[in-house]
Structures are given as structure tokens and as C-alpha cells.
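Only one chain is included here, represented as C-alpha cells and corresponding to the form predicted alone.
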């Protein structure tokens, strides 16, 4: 699987206070929807990812239900968080 520059930038360093829009697959529209639901930082989305035990199906379904992410967007976001966890957890 090829990854975007956004994905590579995100997984290259600790998360810190990065905004939710810095996650691969999350653009301006989805980012705004997530922020409206309290997921304003990438680490808050990471928390949900971990609560769902890094399960791809559950996380992608949650992302779809929460902000309307399509299949590619949810796959990109899942892959980004999964790779970040592999590197930093």
C-alpha cells in the first residue's frame, strides 16, 4: 500500500498536540465534523482507536458514523494510526 505525504509526515514523529486534520484521510470537512463532536486533536481520535482495541472494522465504522468518512478516508486514517502506534507505543 502506498501512503500519502500527510501519512508519512504524521507517523514520522510523536503526536503531541497535532490537530485532528493532520491525520491521513481527514481533510477540512471531516476535521470540522470531528471537532464539532469533541474530537479536536489527533490524540483524541487515537484514544477512540485504542478504546476500539485497534480493530479496523470497528474503527472505520465509528469514523463513518461520527463524521461521514468514506471507505478510502477511513482506511487511510486507520492505517495512519496503526502505523503510528507500531512506531510509538
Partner chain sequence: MAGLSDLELRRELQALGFQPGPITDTTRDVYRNKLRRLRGEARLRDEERLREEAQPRGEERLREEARLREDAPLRARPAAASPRAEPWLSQPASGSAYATPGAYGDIRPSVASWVGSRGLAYPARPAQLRRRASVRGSSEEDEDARTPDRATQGPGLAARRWWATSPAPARLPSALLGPDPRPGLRATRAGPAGAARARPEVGRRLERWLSWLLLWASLGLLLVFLGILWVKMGKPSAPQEAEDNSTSWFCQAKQKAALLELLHELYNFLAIQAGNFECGNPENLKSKCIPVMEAQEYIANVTSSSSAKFEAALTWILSSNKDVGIWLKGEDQSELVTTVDKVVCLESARPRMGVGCRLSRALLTAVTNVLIFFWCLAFLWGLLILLKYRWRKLEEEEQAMYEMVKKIIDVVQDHYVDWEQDMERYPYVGILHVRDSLIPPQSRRRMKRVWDRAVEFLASNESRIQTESHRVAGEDMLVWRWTKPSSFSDSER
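Positions refer to the first chain, counted from 1. Given the structure is predicted, the values throughout are model-derived calculations rather than measurements.
The discussion below concerns the form predicted in complex with its partner chain, not included here.
- Its partner chain in the model of the complex is approached by residue 71, whose closest heavy atom lies within 4.5 angstroms of it.
- With a 4.5 Å cutoff on heavy atoms, residue 4 does not count as touching its partner chain in the model of the complex; it lies far away.
- The shortest heavy atom separation between residue 46 and its partner chain in the model of the complex exceeds 4.5 Å.
- Heavy atoms of residue 27 never reach within 4.5 Å of its partner chain in the model of the complex, leaving it off the interface.
- Proximity to its partner chain in the model of the complex holds for all of 56, 65 and 75, with the criterion being a heavy atom within 4.5 Å.
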